[in-house]
Structure formats: C-alpha cells, structure tokens
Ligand SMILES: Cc1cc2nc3c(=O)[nH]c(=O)nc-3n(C[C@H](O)[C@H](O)[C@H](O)COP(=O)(O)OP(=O)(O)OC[C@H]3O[C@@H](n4cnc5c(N)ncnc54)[C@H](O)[C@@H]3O)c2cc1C
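Here's a solo chain for you in structure tokens, the form predicted on its own.
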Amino acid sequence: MHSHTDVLVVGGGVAGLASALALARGGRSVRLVEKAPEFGEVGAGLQLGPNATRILAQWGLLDRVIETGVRPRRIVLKDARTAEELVALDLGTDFLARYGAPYVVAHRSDLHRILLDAVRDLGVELRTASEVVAVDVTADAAITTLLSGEQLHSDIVIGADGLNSQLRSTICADAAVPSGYVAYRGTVPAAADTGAGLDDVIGWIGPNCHLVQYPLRQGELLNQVAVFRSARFDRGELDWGGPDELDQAFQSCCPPVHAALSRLWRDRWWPMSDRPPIDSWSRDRLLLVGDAAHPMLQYLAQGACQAIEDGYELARVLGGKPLDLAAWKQAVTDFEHHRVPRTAKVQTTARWWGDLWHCDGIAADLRNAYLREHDPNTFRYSDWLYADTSRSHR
C-alpha cells in the first residue's frame, strides 16, 4: 500500500501530464500512473493555438516549446487538385496582439518531454507499468486497483486514459465512433521537401482526402499527415485503411500532394475516431479529462489544446479548496459548467469542418468560392476558439 495522495492521475499522455502539472503547481500532492512500460508519445507533429500557448506561458513552459518547435507564418488552405491557394490566416503581429500568445507547431514527443520534466521537477510521483482495472469510492477516499492487485488511495482520481478510456465506461456506456477516415504520417528532413512552404501550416483539401504539412524542430523537419476516407470501410469490410488504398484515394490530386505521399510511413496508420459529446464527465471522486472526456477529430487541431485547457481549468476551480466530497463536487460542477459546452462545440465543429474539407463536385466549388471571399483581416471565425475567456471566470 502506497501513502495517500491528494490526486491520482490515470494516464501519462498530454492530458494526464497537464492535469498533474496544474494541480501540483497548486500545491496538491499528485501521483500519476501509466500502463505502458515507459513514458512516451506516438505520432509526429501537433499544433498549439494561443488558447493553449497562453497557458503554457503561465506555466513557464512556452519558451521551451518554442525553442523545440516552430512559429509558423500562416495557416493556409489549398485545393488539393489544382494547388490553388484558397484562404490564409496570418499568424503574425495582429494575431499575436489579439490573442496574447503565439501559434506554435511542435513535435508531440517534444511537448510530452517538456511536460514530463515539469511534473518531475514539482515532485509528482510517476509510475509506469501500472494498469488500472477499477476505481472504487469510500466515504473518505477513492481506491484505485491496479492489474497487479495493488491499491492506491487518493482524495480524487483524474481519468486521462484516452479515446478508449476504461474509466469512461463507469460513467457512460458509449463507444468510439469510427469516422471512416484513416491517417498516415511521416516526418522527413526539410531538405527532402520539394514544394511545401517551410514557414506555413498548409492544408491541401480534396474530395474525401486531405494532406497537412508544416515544419518542426526549428524547420529541420517537415511533418506530413495524409488523411482519406476508406472505400473498404464504406463497404463494411473489417480490414480497412491499408496502404493499398492510400494512393488510390489521392489519385486526383496535384503533383505536390503526390510527391508528399512517397514520404509517408506505410507500415503504420491511424484510423480516426471520436465520440459524441456527453453532459457529464464525473462520478463520485472520479473526473475524466482530455480524450477520455471529449475525444475529437483532428480538423481543428485542438486535441492537445483542449487537454491543456482541462488541466488549467481544473486547477482554477479547485484553488486551495479542501478535497472533501462536498467541496470536490462543487468544483466539478463549476468545471463542467465551463468545459462541457466548450469542448462539445469543438467536437461538433471539428466534424463539420472535416465534411467541408472533403466535399466534392458542386459542393467543393461552392466551398472554394466561399473561402476565396474570406477577409483575411477578420478574426470573426477564430475568436470563439482562440480568444482569452479567463476573465469571464473570475
């Protein structure tokens, strides 16, 4: 039996580390358990909007993230068939002045390492090879049972165990919803690139497919993600999304997109899923965060950002309150009041944005005409996502 802690965090990804960091910064004793044999992140790049980088700045981590990442010049959407630039969002002076923090792209493993180092520095107890099988509640504590049979006592449990969260099943009986789309990733030395702008985030959008490219690690690497809808999935086949479908899905696209496909990893791929929004992420002394609470498709690049927001907001509502059951339930009520509607909007908007990217025929013509007419100097479509809303919470 290990000693009692204020908080037990289940899951060592970005969501778990962000919550552990925020709560430890608030003076809580925190233990984090991860079922994998070692800490680490699978994947390549991720995008951090100002809603996340403002928080990283408050935590004293933004400079490190920028040092290992890139501040892109623009976010650009191009037609994947014609290579026409449709719309661009300038991320420079006006963007920074409006949102108070930069847009940064970083390697997922770099952000993970920075968060991991930060929680270590704060004395968070970190344990790997510790799979959770149950969380039970008494009048005074939460008791978390590991696969080994060991039991860990804490005042509260934060479930950050991802899209396929086992802890979510104790709150909601839903399941992950496959989108029918699959992602292929690949990072290459920037010198190997033959056409992508090395200071922009570029989204090449096409019929039932898209490609995203942006620089990483101070421009040394080019990150690429190709996503397409699987015809095999649509036919109801169980084995879908394999590399034999990749080139076929992008056959109508322009040469720069075709060139990128040759530089993707083809020995692994990621079927894309989310879950519908739910009204509550909590039960007794257990609270879900990150993808365990609100898994979302990738089209708004907000998965990591919303996980970071979760940690920040949870620490804010808890403040210095005691962790007795009554105070905890009030804090959770406040937390869900702010977080559930916001993340639900991100989840549903991401689905809609994906549909917009992937349309064909006259719908694509209308989309392109709409995007061409967009005023690049207006922030009306990004304020809801990136603006600082913290003052309304005070």
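Everything numeric in this text was worked out from a predicted model, so none of it was measured. All residue numbers refer to positions in the sequence shown, first residue = 1.
Here the subject shifts to the form predicted together with the named molecule, a form of this protein not shown in this document.
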Selected contact from Arg217, Arg108, Arg74, Arg229, since only one has a non-hydrogen atom within 4.5 angstroms of the named molecule in the predicted complex: Arg108
Just one of Ala315, Ala101, Ala141, Val132 has a heavy atom within 4.5 angstroms of the named molecule in the predicted complex, so which one? Val132
Heavy atom to heavy atom, is Asn368 within 4.5 Å of the named molecule in the predicted complex? no
Please run the contact check for Glu336 against the named molecule in the predicted complex: heavy atoms, 4.5 angstroms, yes or no? no
Hey, in the predicted complex, does Gly203 get a heavy atom within 4.5 angstroms of the named molecule? no
Answer yes if any heavy atom of Gln302 is within 4.5 Å of a heavy atom of the named molecule in the predicted complex; otherwise answer no. yes
Quick check for you: of 234-242, 89-97, 254-262, 178-186, which stretch puts a non-hydrogen atom within 4.5 Å of the named molecule in the predicted complex? 178-186
